[in-house]
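Next up: just one chain, as C-alpha cells, the form predicted alone.
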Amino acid sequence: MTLTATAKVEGPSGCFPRAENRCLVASNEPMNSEYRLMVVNAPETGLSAYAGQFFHLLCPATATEQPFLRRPMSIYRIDRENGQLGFLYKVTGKGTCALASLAPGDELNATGPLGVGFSIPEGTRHVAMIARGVGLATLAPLARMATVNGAKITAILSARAPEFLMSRDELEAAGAAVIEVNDVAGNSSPQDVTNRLRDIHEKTPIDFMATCGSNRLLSLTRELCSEWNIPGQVAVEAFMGCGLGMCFACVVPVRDAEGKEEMKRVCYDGPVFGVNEVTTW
C-alpha cells in the first residue's frame, strides 16, 4: 500500500505541515506489562515532526472496543532514515486497548504533527532531561535534537519500580548519559533527584532543562532553573477533543512574564511550555 497524506495545512507557528497521515504498522510490541511500542511507516509529512510534538491517532474499532475520539500520542521516535515513527504508550483504556490490537500491515490514521515542541536555545552545552513513566516518550526525541545541536545530554529516568524503567537504549543511542531511579530503590524522591542534579551541575554546568510526566518533577525543574538562572521547558499532557485548537477542551492555566494568569490550549499553544508558565497539569 502506498503511504499517503491528505488535508495538508500550516500549523500554528506556520513552519510545519499538519496532515491526515495514512501509516502502516511495522511492529506493535509490548515493552513490559504496561507499555507497548508501536512503530509505523510514515509519509513525508509525518516525518517532518520534531521533538515535543504529537499526533492525534484514530483508534480502530474492535469487537470489544469502539473509541469515539482520537487519542493524542507523543512522538517517541523519529527515524527519517528508515521512514518510521515510534509511539510508546501505556495500555489503560478503550483507545489504547484498541491501538494494542493493531498488527503489522494494518493501517493507522495519524493526524499531525501537531502542537509546538521543544526549542533548545542557541549555544546550549548541557541539557538535563527528567522524566517519569510515559513522560519518557516525549523526551526521547529531544536527546537526538540536543546531540545534533552539539550539546551533552544527561537523562534521569524515574519509575515506580525497575521493571517499568524504559528507554535507556533509545537514549544512549542518541548520546545521552542515563541515570535510572525508582521508588522501590528509594532514590526517586524529588530531594534525591535534586541532589543528584546539583552534583552533576557542579561538575558540568547544566544550561537547559526539560521535563515531563510528573508535577513533582516540574516543581524541582522550575526551582533549579531559577536557582541556576537557566531556561527550562515542560511537555504538558491533557485530555483533548479535536487536537487542532478549535474545541478548547485542553486548556490549562499559564502565567505570562508579568505573572498574569491566562488559559492556553495544550494542543495548539503547547504541548511544550516554559517551566515558569505552567503551574500544574
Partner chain sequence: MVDLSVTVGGVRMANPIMPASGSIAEGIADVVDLGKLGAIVLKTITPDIRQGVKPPRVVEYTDATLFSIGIPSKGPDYLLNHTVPFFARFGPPVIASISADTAEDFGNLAKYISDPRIAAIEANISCPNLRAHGRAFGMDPVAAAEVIKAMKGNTHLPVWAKLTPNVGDIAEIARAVEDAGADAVVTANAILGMAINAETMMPRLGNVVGGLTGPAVKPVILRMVNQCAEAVKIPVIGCGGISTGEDIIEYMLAGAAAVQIGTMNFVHTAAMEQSIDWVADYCTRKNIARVAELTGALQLPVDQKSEQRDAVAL
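Numbering follows the first chain given and starts at 1. A quick note: this is a predicted structure, and the numbers were derived from the prediction, not measured.
What comes next is about the form predicted together with the partner chain, which does not appear here.
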**Q.** Proximity of C242 to the partner chain in the model of the complex, heavy atoms at 4.5 Å
**A.** yes
Q.
I'd like to check something about N229: if you look in the model of the complex, is any of its heavy atoms closer than or equal to 4.5 Å to a heavy atom of the partner chain?
A. no
Q) How about Q66: is it within 4.5 Å of the partner chain in the model of the complex, going by heavy atoms? A) yes
Q) Using 4.5 Å between non-hydrogen atoms, is R144 touching the partner chain in the model of the complex? A) no
Q) When the partner chain is placed as it is in the model of the complex, which of 234 to 242, 47 to 55, 32 to 40, 215 to 223 ends up with heavy atoms within 4.5 Å of it? A) 234 to 242
Q | in the model of the complex, residues of 241 to 263 near the partner chain [heavy atom within 4.5 Å] | A | G241, C242, L244, G245, M246, C247, F248, A249, V251, E261, E262, M263
